[in-house]
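As structure tokens, the next two blocks hold two forms of the same chain, structure 1 and structure 2.
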Structure 1
Amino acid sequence: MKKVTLTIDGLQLRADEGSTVLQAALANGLYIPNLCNHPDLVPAGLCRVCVVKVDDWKISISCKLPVKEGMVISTEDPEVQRIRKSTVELLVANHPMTCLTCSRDANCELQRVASYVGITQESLKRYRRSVRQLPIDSSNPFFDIDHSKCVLCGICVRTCDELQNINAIDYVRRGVHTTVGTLGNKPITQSCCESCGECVARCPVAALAPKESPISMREVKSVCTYCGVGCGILLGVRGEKVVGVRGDRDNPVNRGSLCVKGRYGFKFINHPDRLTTPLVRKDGVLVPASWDEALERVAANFSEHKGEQFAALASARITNEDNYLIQKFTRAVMQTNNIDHCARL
């Protein structure tokens, strides 16, 4: 791809032609404050936080500004700083000050932006704080919607539209009363929402937050077991317990996206009734056994029940290749056509 050369705050950079100034800056490790931008979504220019000065005269939002050969960008110009700080102050003035008890504390984009532009208690005194007391929508079994924390960045709306093609949520009402809601502003469970959690994963604040969000100690890369698609997941582990799941953006199958089962259906992992070792029946009682003992028992029983005495049921949780092997084993080895698939049950 063709490259162009531009200068940001005195640093000469190379960027892909067709990219935006914000994309070029982030790709080169330079931070420009922003709230409504997300790499998975089409730039929308809603928050107006990422303003820059172009060629020493024009103020523009960097997320919608295409790079051009030789352009000179300033992100720390006094006029830019004044505009940016005023914009963020207006957002913070109407935002709940409950950071220490918020599920996004220390991982909140509004926190990061406010700290970067220099928001202080003193600078907020000139505003009349009016935090909206809006009811929390707790109808969804996996996440809550707290409208009072919403900064109207539109990331959730665009995610539901551009990535999921569901359109379960959109902007409702107008002016200062604008919120993000469903058709008829009904609870989220009464909409066409599929609870995939893609909007929750991208929300820069805690307007969309999981009902349970303990911080993990480490992450373990794995593959979702719910179907044969092979979505990559990162399991958040705390001690010996899985406390959360997020999509693996490096996995070529799902590139970070997950369905409702892959993202929220992980509690079976630590369920006390889950089998963690093979069981073999001895004297009418199931007792723990090694894998070798269990497989030898299976092979011995299979060899005694060939033909019409044998039937196999394939699984939707394994790959097409594994399902092919099951039917091949049933017909060629066990010598029967008694094979079916759980999707027909």
Structure 2
Amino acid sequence: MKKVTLTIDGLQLRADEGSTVLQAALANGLYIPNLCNHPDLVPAGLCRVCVVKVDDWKISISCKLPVKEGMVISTEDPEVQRIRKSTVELLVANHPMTCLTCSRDANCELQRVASYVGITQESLKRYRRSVRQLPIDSSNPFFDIDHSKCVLCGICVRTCDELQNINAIDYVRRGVHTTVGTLGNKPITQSCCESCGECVARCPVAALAPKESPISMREVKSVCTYCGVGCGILLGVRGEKVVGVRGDRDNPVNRGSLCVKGRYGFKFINHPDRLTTPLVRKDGVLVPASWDEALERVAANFSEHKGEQFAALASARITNEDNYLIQKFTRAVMQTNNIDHCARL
């Protein structure tokens, strides 16, 4: 790809032709504050936080500004600073100050932007504070929609449109009353929302937040256990529990995307109904037994039914290694090719 050279704050950078100034900066490790930008989405230019000065005369947002050879960008020009600071101050003045109890505390793009532009108590005090009082839409079992925290970056709307092509949400009402809502502004579960949670995963604040979001103590890279697409996931673990699932952006299959089952359907793992001990039928009733007892009973029985009297049904749900051993067991130990599984269902 053709490269162009541009200067950002005195630093010469090479950037792909066709990329934007913000992309070029971020790709080169330079932070330009931004809120409504998301690498998966077409730049929208709505938050106006990423303003820069171009060639010493024009103010422009950097997220939609194509790089040009010889372009000179300033991110710290006084006018840029003033506009950016007012914009962020306006957002903060209309945002609840409940950071410590917020699920996105310390992982919040608004916090990041606010601290970068240097919001102070003094400057904020000048503003008329008002936080939108709208009921939280808690109809979805997996996530809540809290409009008071929404910065209207539109990332959720664009995710649902550009990536998911579901269009369950869009802007409703206008001006300061604008919110993200569904057709007819009904609860999200009464829309065509598929609960994939892609918007929740991308929300820069906690306007869209999982109902339960314990922070994991560690994450384990794995593969989703549902359909045959094989999405890469990161299992969030805390103690002995799987507490969350994230899409693996490095996985070539899903590049971070997940569906409702993949993202939220993990609670069966620690479900109290799980079988935790072998069961053996005694007097017509299944009762707990030790592994030794159970396996000996199986071994004894199987030993008597080798060959045609035996069949094994392996599973499309277990690993290759599990399946390999089952077929090996059937063929080598049970001496029959009577092995199949539910591939046809």
Partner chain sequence: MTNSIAEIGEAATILAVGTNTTQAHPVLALQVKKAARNGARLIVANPKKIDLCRHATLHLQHRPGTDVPLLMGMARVIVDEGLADMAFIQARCEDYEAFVASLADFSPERVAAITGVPAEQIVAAARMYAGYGPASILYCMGITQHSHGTDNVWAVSNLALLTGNLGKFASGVNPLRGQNNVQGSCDMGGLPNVYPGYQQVNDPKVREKFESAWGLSLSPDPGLTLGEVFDRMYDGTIKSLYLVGENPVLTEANANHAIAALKNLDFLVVQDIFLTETALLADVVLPAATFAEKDGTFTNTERRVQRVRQAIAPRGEAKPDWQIVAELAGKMGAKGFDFSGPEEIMVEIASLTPSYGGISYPRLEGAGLQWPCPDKDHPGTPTLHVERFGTASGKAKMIPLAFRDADELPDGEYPLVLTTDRSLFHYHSGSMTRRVAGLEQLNSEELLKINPRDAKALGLADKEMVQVTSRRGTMTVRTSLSQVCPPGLVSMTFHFAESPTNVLTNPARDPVAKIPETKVCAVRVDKIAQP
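Residue numbering: sequential along structure 1, first residue numbered 1. We call the rigid core whatever largest set of C-alpha positions still superposes within 1.5 Å between the two forms. Please read all numbers here as calculations on a predicted model, not as lab measurements.
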| item | value |
| --- | --- |
| Answer for which single form is the form predicted on its own | 1 |
| Did Ser315 shift 2 Å or more between structure 1 and structure 2, C-alpha, core superposed | yes |
| Rigid-core frame, C-alpha of Gln327, shift of 2 angstroms or more between structure 1 and structure 2 | yes |
| C-alpha of Pro288 moved at least 2 Å between structure 1 and structure 2 on rigid core | yes |
| Cα shift between structure 1 and structure 2 at Thr336, which is computed once both forms share a superposed rigid core (Å) | 12.5 |
| Cα displacement of Pro272 between structure 1 and structure 2, core-superposed (Å) | 3.2 |
